[in-house]
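Just the one chain here, laid out as structure tokens, in the form predicted on its own.
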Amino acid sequence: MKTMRNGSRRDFLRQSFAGAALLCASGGAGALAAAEPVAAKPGAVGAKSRVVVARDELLRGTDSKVDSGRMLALLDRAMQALAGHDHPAEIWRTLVRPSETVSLKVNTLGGRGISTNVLLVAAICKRLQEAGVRASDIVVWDRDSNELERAGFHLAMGGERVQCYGTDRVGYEENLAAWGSVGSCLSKILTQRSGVLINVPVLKDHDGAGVTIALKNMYGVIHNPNKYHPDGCNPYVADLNMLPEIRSRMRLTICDATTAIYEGGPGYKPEHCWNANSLLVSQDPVALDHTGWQMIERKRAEKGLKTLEAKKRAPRYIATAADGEHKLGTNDPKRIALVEV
């Protein structure tokens, strides 16, 4: 795919979000049956979980801003590697049906500097609509509307456009959903607007949990995340992801590693960020988290920092999520098919 040299960043966002519903605040494996997984189901006996790491060292071009055309091309390349299929629209049709409602759970806690990139979300929305999903059946969300705006998103509720708002606008379910150590009220966006859930986290270090990537991003769908931070969030992260309301909807994780953080997270610490210019894509959140963790460890080593294990904050919840009780995926490198493109 060619880079959009003539189209502006604003034009790309307008087209992707069907009528400028979600503009950035700065302006600036063969044919598969519909809605069937494009990779091995997490935990399947003898199967390997595919994790794609797609990179583009020229993603930012000649300045610090991500190029919209290159972002779309990077997403396409990642999805093609995951699915073994060349046509972007056909790939997305294997994941979602036109009649389904789709929600994109982003991560905006860290502000504009270390949140899910607006251009990545625009690219995903564009491909979903080309696959037949109506713009108004797509919602981009996180826990708080103000955090979404600070991260560069414009809010939108109602109309024939992509929706974007926080749980603060609609609230949480009254009854607790419970599994293991977790009992929480779930966002009504998850329960009432998410036939399909696409997880769009950020690759981040976490001062307590070790890392926060795919699995821990689900802390943003519950009313009481602060309750589940003791002991490095273990086993709470794994137990939370076992909730049927989450597990039955989760179809894909697209981790934004365009800008990542290796120390001092989850908040924005520019001195500890790096332009990884990458996306991590998988249907196995455990395998993706393990892969992302190792990327962070390599960057820490490059910077002369101790390992997370040595710092006594290794993300042990990843192994818990893979154990015989949870079976949310695999953290065994021998069972992860890592594809780098």
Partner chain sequence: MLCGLEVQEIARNQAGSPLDRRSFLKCALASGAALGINGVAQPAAGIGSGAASGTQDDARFIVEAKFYQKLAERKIKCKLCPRECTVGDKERGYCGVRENRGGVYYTLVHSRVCAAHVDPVEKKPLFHYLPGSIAFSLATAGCNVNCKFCQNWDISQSRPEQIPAEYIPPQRVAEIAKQYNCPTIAYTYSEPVIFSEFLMDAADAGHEAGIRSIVVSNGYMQEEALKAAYGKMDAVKIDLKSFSESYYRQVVTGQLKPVLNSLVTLRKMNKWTEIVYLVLPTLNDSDEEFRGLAQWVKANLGPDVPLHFTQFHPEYLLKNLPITPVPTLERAKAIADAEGLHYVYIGNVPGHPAQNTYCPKCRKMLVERVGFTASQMLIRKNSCPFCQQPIPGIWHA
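Residue numbers count along the first chain shown, from 1. Every value quoted in this text rests on a predicted model; they were computed, and no experiment measured them.
One more form of this protein exists, namely the form predicted in complex with its partner chain; it is left out here, but the text below deals with it.
Location of its partner chain contact in the model of the complex, chosen stretch of 114 to 122, 178 to 186, 155 to 163, 127 to 135 [non-hydrogen atom, 4.5 Å]: Heavy atoms within 4.5 Å of its partner chain in the model of the complex occur in 178 to 186.
From the list G195, G84, G232, P266, which entry has a heavy atom within 4.5 Å of its partner chain in the model of the complex? In short, P266.
So in the model of the complex, does any heavy atom of S99 sit within 4.5 Å of its partner chain? Flag for S99 set to no.
Is E245 one of the residues lying within 4.5 Å of its partner chain in the model of the complex, judged by heavy atom distances? Close contact is absent here: in the model of the complex, E245 is far from its partner chain, nothing within 4.5 Å, heavy atoms only.
Closest heavy atom of W92 to its partner chain in the model of the complex, within 4.5 Å or not? No, W92 is distant from the partner.
Can R251 be called a contact residue for its partner chain in the model of the complex at 4.5 Å between heavy atoms? No, R251 sits far enough from its partner chain in the model of the complex that none of its heavy atoms falls within 4.5 Å.
Which residues within 52 to 79 place at least one heavy atom within 4.5 Å of its partner chain in the model of the complex? Counting only heavy atoms within 4.5 Å of its partner chain in the model of the complex, no residue of 52 to 79 makes contact.
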